[in-house]
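Consider the single chain below, provided in structure tokens and representing the form predicted on its own.
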Amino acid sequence: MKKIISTAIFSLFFLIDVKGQEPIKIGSKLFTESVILGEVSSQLLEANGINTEYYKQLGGTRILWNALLEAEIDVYPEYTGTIIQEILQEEGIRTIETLNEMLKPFGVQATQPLGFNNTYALGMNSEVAEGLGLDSISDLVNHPELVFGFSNEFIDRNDGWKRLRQMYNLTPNSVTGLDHDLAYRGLEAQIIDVIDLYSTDAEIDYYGLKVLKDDLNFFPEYNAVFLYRTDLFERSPKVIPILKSLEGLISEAEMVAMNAAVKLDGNSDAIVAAEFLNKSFNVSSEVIEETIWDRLLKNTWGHLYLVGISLGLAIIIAIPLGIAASKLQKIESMIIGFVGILQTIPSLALLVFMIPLLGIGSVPAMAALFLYSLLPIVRNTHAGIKNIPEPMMESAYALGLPNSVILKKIELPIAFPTILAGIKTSAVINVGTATLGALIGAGGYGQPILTGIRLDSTALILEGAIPAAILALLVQGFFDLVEKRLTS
């Protein structure tokens, strides 16, 4: 019956043509299930003639939530437990209606559940658990020697390790933070003993893991929903009914099967989503598979775009700042100190800070890279001018040359190798740091690296890592050539 209703709703909007409207921006988190659900929503909207932009693998909960609030995205898949515990930090919300009342002040609403509960759980190697007689989370109290390896988000979440350890009185000797998808590797290699699971992870059956009972009922229900901005009612009123056509349509078994098709069978997220839509709505989505050369060309252009613009702006700003620091003693320490502080801000934190200011995509990534590029150029410009021998400067002043001429004809040429060394350092740092831009939808070589980590694919990781390393070497070689030509 649900499929008949869903198909009817789909058919109702099939002939709508809204191509002239601004695209609906869809986001997803780093893990496979979120990426698949994002593909499902994007392809379903596209099949109804609604133009979309899909920003996949944007990062964790806070990045997606902030992007939704700032209208950088319009829709993304989320889970009720995460919304209640992590975003709203409330207790006692039992229904979607109550949840939506709490979300109203944010200009956000949730669909009804899609049909499955993807709750958190703790898992172990079955043989290890059986050998120690472990059946529930409470049993871990007597085994502090076990190494716990949790996803970084789970460690920091209010509905994660912080409160879990308090409720169960767990005091393990070692708790390690790592990527969720890499945790399975660590468990298989017996480097870690206990990891956090998503209950719909295909790897649970694949690795034959023991899921420990949540005997104190710590974890709430994590029913999958779509969060969307309420201004879609006015901007594109057809979007929300189409999203609602997915309510109750995806069972836990179907979601596990889709996760397995991507993670274990090697199918693309887009193809798996298209197959689901074909089965559920009898529509065909055109999925264009990119070749490795297509991806390499696109990612190279994206990476060069990020690095080139951010480095160019940094050179334009940083050299004058370095000159000012060398000439004006009153602001010398302030300038050097300021650019030094910028370098100490963790790169991921800086990217998150940029979302409310500049949104997601290449612009905030370039802004962050620009700020990171300042320190080497400012300090080297300052040092290059300050370290010019005093007798040489005294001779220049004795000749009565204007300060501008001294700077242009004497100080900058002498300091040039030092300044160029700072630019070279910034460029190489930029190439590496730019890979993190993929976390906020900036593309570049970080995109295949994130996908490779998610899918446990060494080939995809190398698809991003090797070109990034080669580009760093080419950039360094280019500036070496520039230095050789100009200094000669």
Partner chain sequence: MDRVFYWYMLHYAMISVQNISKKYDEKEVLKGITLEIPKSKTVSLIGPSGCGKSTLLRIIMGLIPRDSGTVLIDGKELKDSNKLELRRRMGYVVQKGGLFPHLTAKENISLVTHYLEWEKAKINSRIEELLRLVRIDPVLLSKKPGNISGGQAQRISLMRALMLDPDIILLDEPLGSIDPLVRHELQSDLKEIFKTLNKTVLLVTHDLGEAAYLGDEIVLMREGEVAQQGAIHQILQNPASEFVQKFVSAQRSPLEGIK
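Positions refer to the first chain, counted from 1. Throughout, rigid core stands for the largest set of C-alpha atoms superposing within 1.5 Å between the two forms. Predicted, not measured: the structure shown is a model, and the values here were computed from it.
Keep in mind the form predicted in complex with its partner chain is missing from the figure; the text below concerns it.
Asks: So, in the predicted complex, is residue 145 in contact with its partner chain at a 4.5 angstroms heavy atom limit?
Replies: Output for residue 145 is no: heavy atoms all beyond 4.5 Å of its partner chain.
Asks: Is residue 410 part of the interface with its partner chain in the predicted complex - any heavy atom within 4.5 Å?
Replies: Residue-level check for residue 410: yes, a contact with its partner chain.
Asks: With a 4.5 Å heavy atom cut-off, would you call residue 394 a contact of its partner chain in the predicted complex?
Replies: Contact check for residue 394: yes, within 4.5 Å of its partner chain in the predicted complex.
Asks: Does any part of residue 414 reach within 4.5 Å of its partner chain in the predicted complex? Heavy atoms only, please.
Replies: Because a heavy atom of residue 414 falls inside 4.5 Å of its partner chain in the predicted complex, the answer is yes.
Asks: Select, from the options 126 to 134, 386 to 394, 148 to 156, 83 to 91, the stretch whose residues sit within 4.5 angstroms of its partner chain in the predicted complex by heavy atom distance.
Replies: Selected range: 386 to 394.
Asks: Note which of 337, 266, 400, 208 lies within 4.5 Å of its partner chain in the predicted complex, where distance is taken over heavy atoms; exactly one does.
Replies: Contact check passes for 400.
Asks: Go through 96, 103, 405, 363 and name the one with a heavy atom inside 4.5 Å of its partner chain in the predicted complex.
Replies: That would be 405.
Asks: Relative to the superposed rigid core, does residue 104 relocate between this form and the one not shown - that is, does its Cα move 2 Å or more?
Replies: After core superposition, the displacement of the residue 104 C-alpha between this form and the one not shown stays below 2 Å, so no.
Asks: Does residue 294 show a Cα shift reaching 2 Å between this form and the one not shown after rigid-core superposition?
Replies: The answer is no, as the C-alpha of residue 294 shifts between this form and the one not shown by less than 2 Å after core alignment.
Asks: Can we say the CA of residue 411 moves by at least 2 Å between this form and the one not shown when the core is superposed?
Replies: Shift of 2 Å or more: yes.
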